[in-house]
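Quick heads-up: it's one chain on its own, the form predicted alone, in structure tokens.
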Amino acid sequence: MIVRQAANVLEIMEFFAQVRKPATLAEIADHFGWPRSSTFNLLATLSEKGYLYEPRPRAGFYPTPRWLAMARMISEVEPLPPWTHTLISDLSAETGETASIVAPAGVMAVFIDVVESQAAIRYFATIGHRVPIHATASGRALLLQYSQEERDSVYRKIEFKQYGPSTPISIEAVEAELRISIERGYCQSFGDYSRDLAGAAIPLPIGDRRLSVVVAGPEFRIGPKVADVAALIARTVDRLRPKTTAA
């Protein structure tokens, strides 16, 4: 269930991140198809709270630096170690594909750091991108770090859907794939969730945080070498992970 008012605030911020310039009330209302009155109320509230301002008279609204200040304070509490960004940067550079750090979010897996491929045909992913935890390589690499009791609790909340021909659509199918992943040494996906997308992922526990690292791209390009990609991920993690700390 989505709370529409909260979603509208986030959509406005995403809008400004895309257009990168001030926008008038009319431009924002027309972009989203919102009534002018409710758009005005939302913009007025954000302005009153110090999150929007008008850089020039009648030139439109734009976010204030308060968003950045708040984001910095939040990110400082649970920062990713710097080596994890180097990890996905190196993996993306060497494979030519999109590489990401992924964390659990209930029945979903959320991308918390991404280095996107430069190829024209690629896996388009951004920070905040969410995928089903059971139907993706990155998500299953997270589930491998759960106890059976924890996994059972997650399974009870999942609405199993057939996203693609190879999607596991039962608890038994997910558990079977996890067992195969343990034997294989990595998790893989071939269109399980996103059509024509393949990927390899491994668990990336850091302290008490359950994370995974995934490399994904078009199935025609990454599919034939998914085992090599998985081996590269493991070698790169071993090379970059600090040896003297759990981080």
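Worth saying up front: this structure is predicted, and the values here are computed from it rather than measured. We number the residues from 1 along the sequence you see.
This protein has a second form, the form predicted together with the DNA, left out of what is shown; the following refers to that one.
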Which of these residues, W67, F190, F40, Y53, gets a heavy atom within 4.5 Å of the DNA in the predicted bound form?
-> F40
With the DNA left out of view, which of R179, R195, K49, R36 would have a heavy atom within 4.5 Å of it in the predicted bound form?
-> R36
Of 112-120, 87-95, 154-162, 134-142, which is the one stretch near the DNA in the predicted bound form, taking non-hydrogen atoms within 4.5 angstroms as near?
-> 154-162
With the partner left out of view, is V3 within 4.5 angstroms of the DNA in the predicted bound form by any non-hydrogen atom?
-> yes
Please check if L25 has a heavy atom lying within 4.5 Å of any heavy atom of the DNA in the predicted bound form.
-> yes
